[in-house]
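This document starts with one chain, in the form predicted alone, laid out as structure tokens.
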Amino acid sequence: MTADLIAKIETLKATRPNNIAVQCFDPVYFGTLSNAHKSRLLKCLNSGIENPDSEMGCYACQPSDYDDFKPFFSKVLARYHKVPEGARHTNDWSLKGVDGLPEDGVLDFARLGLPALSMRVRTGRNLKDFPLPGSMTKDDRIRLEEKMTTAFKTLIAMPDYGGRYYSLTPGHPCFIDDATYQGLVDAHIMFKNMDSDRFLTAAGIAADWPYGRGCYVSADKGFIIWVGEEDHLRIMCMQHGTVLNDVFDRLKSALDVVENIEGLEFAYSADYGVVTSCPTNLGTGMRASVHIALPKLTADGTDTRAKAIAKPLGLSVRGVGGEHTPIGADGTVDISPAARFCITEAEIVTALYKGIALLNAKENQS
């Protein structure tokens, strides 16, 4: 079986130059591993093997995978994030001294002549004492959700948070019906059914749906924690406004609260920072984004011009419903910095502000 998989990887290496995982697979290094570690590494590559059109092609399955298989993952990270193989990540939320930050430190879109925008900052976290989602059993998923349900009681009791937890697990005390679930999905609060994602399915991340899945929502609906998606937790703050610092600062404060809840310990790597299932998110696990209308740059009904301007700025352009979704009828698009690794949290949010300033200037010139 292992020999067949190696042969398949070698075939893909010759035919799929954009599949990072298979391109970084080294059979000589693989041969030095124990049988148990060979099995673990091949599991990490399964999504890219089953889906040859993958760009990344691999997911970590245990919190220690990035360190245990550093000769492989260092190549993957270098190739995707455009960093040296020996690059080390540093986490830093302090805006002080960040290049491009306004003198008073306030990232206010109103100064650019923009109205209130939909702003969202999220980050991924995984608990140290569980396998990552790709290797979790059904029992693991249920136990993790039970642990988080207990933790959420701390948030619910706090005046700054309150709210409730919505579970998709049949029999859970907070279980919700299909109509309530769909309403939360439509409101962009809950994540979509993962069974329809072939990449996550092949990685084992979508297994046992919907067991162990759900989301906590604060009373004001501005703070959300997904449970059981691509990472154990996706923690996010969202707000309609002009000051980006507001959502950034609230996320940091909320993270501090969650991490200090008794019994919770997040997985970190000394070299790579925040541990996430997908190497694309490793380091900060952070995505900061805004929805902005660019009617002139999208006058042809596509985001082609916006993407051409955004890419050199290090920005990603998506539809308002997320990746692979259409732009809004009024030309609204989702803009976010692409970098996650070897960049600090503070640099990400500042890069978003600077990028929006330049995109808005181009829009006004069109």
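Here the structure is a predicted model, which means the values were calculated and not measured. All residue numbers refer to positions in the sequence shown, first residue = 1.
One more form of this protein should be noted, the form predicted in complex with ligand CIR, which is absent from this view; the next part is about it.
A heavy atom within 4.5 Å of ligand CIR in the predicted complex is found for one listed residue only; from 280, 154, 74, 269, this is 280. Taking a 4.5 Å heavy atom cutoff to ligand CIR in the predicted complex, the contact residue among 93, 130, 199, 161 is 199. Interface residue remark: residue 309 is not counted as part of the site for ligand CIR in the predicted complex, having no heavy atom within 4.5 Å.
The closest heavy atom approach of residue 26 to ligand CIR in the predicted complex falls outside 4.5 Å. Of the heavy atoms in residue 145, none are within 4.5 Å of ligand CIR in the predicted complex.
Using a 4.5 angstroms threshold between heavy atoms, residue 55 counts as touching ligand CIR in the predicted complex. Picking from 33-41, 294-302, 47-55, 62-70 the stretch near ligand CIR in the predicted complex, with a 4.5 Å limit on heavy atoms, gives 47-55. Residues of 228-257 that come within 4.5 Å of ligand CIR in the predicted complex, judged by any heavy atom, reduce to 230 alone.
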